[in-house]
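This document starts with one chain, in the form predicted on its own, laid out as structure tokens.
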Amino acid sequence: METFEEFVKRILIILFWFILISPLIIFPILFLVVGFLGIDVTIVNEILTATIDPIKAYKLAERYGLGFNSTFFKIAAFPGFTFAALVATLTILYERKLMAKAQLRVGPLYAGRFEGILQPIADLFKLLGKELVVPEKADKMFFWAAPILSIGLAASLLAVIPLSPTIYIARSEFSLLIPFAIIGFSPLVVLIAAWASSNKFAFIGGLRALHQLAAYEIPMLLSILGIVILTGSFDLMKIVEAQKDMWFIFPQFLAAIIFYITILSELERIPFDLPEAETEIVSGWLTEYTGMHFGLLQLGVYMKFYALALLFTLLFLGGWNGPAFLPPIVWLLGKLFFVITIIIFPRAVLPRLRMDQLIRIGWAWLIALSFINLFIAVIESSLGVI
């Protein structure tokens, strides 16, 4: 196989024969198991019929509480894990193309006939085919656990973040605080991955990440308190409703700037990518991870990217509010695309900061500006700006 097209053809041939032959093997085994366990044959017939009839499959799913309106579907598919993973995958492709255009390069081109659109799929198969190498002196249990913890942490951020007044997994009066409580565990996951690798470069990267995230999570929390003062609520739904007439990016512009900078730091993106500085410490805390270990860690990072960009959209850009000629979800996704773009762009044009500069900006400037913003929010609230 010399081209991506030949690789795709080989995968399709394997899938074709698997689909053709597997029923001849699976169905006899299934009926033997049913007879041995004494399961009602009608239930098995319904399940088998549902595999070829989409309408019956939908009705069967609804009967067992797995339909489109079920909590399981919301968590597993939309607006939960599958949707977030899809957005994260498309963000990776978009980032590579946007950076290439900004730097007068081509970017992904050959995987897919149009602008390398199948590059994420090619990357997935490449990672699946790579060997999972575990260092000899690594703490294997924590080394294997770190990618799973990264995915779980990123997925749990989606639990209370709504996409519209009717599209959400769970509703809470404290839906603004819950994501930040979850984000607080991020340094722990990074440190576990770094320490378990038993690699000096990984451990240096982990320590850098710990100092960086601790320095920037405090101003991140302080920056949103101005919005809480203006709305008197920790409920994201009420915060978005309060922006029907005016987005909070106007009265809380300073808070938006602080929150944007802290997002870059939380995601370890340039100019705050010291924990993964390849010119200094190979690849930081990710140095020893290969194959799908690396893929899962990257997916977790980009799912967190999606969650933080979505939070910025809800807090400062009015969320799903917009003229009625488009559905609320369309307005939200359009604004989300804009936020993702402005988060990606600095990576294409900015250099990396030194560690002392990074710490000084977090502990000195951003915290001071956060308190100034709180003072501004109190004045705006007393004047009845919102």
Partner chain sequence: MTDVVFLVVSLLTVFFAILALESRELVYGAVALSLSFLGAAALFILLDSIFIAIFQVLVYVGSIAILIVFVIMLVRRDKWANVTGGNERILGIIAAVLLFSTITYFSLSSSLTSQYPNPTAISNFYEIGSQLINDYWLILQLTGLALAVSIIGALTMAKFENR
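Residue numbers count along the first chain shown, from 1. As the structure is a computational prediction, the values presented were derived from the model and not from experiment.
The same protein also has a form predicted in complex with its partner chain, omitted here; what follows describes it.
Trainee: If the cut-off is 4.5 angstroms on heavy atoms, which of these, Leu124, Leu109, Ala181, Ala170, is the one near its partner chain in the model of the complex?
Mentor: Exactly one listed residue reaches within 4.5 Å, namely Ala181.
Trainee: Using heavy atoms only and a 4.5 Å cut-off, determine which of Ala214, Ala102, Ile148, Leu132 is in contact with its partner chain in the model of the complex.
Mentor: By the 4.5 Å criterion, the partner-contacting residue is Ala214.
Trainee: Where does its partner chain sit in the model of the complex: which of 109 to 117, 137 to 145, 293 to 301, 275 to 283, heavy atoms within 4.5 Å?
Mentor: After filtering at 4.5 Å, what remains is 137 to 145.
Trainee: Is its partner chain close enough to Gly65, Leu90 and Leu93 in the model of the complex that each of the three has a heavy atom within 4.5 Å of it?
Mentor: Not a single residue of the candidate spot has a heavy atom within 4.5 Å of its partner chain in the model of the complex.
Trainee: Is there a heavy atom of Pro165 lying 4.5 Å or less from a heavy atom of its partner chain in the model of the complex?
Mentor: Contact check for Pro165: no, nothing within 4.5 Å of its partner chain in the model of the complex.
Trainee: Evaluate Ser233 for contact with its partner chain in the model of the complex, applying a 4.5 angstroms cut-off between non-hydrogen atoms, and reply yes or no.
Mentor: Flag for Ser233 set to yes.
Trainee: Given that its partner chain is not shown alongside this chain, does Leu221 nevertheless sit within 4.5 Å of it in the model of the complex, heavy atom to heavy atom?
Mentor: Judged by the heavy-atom cut-off of 4.5 Å, Leu221 is in contact with its partner chain in the model of the complex.
Trainee: Does Leu188 make contact with its partner chain in the model of the complex, using a 4.5 Å heavy atom cut-off?
Mentor: Leu188: contacts its partner chain in the model of the complex.
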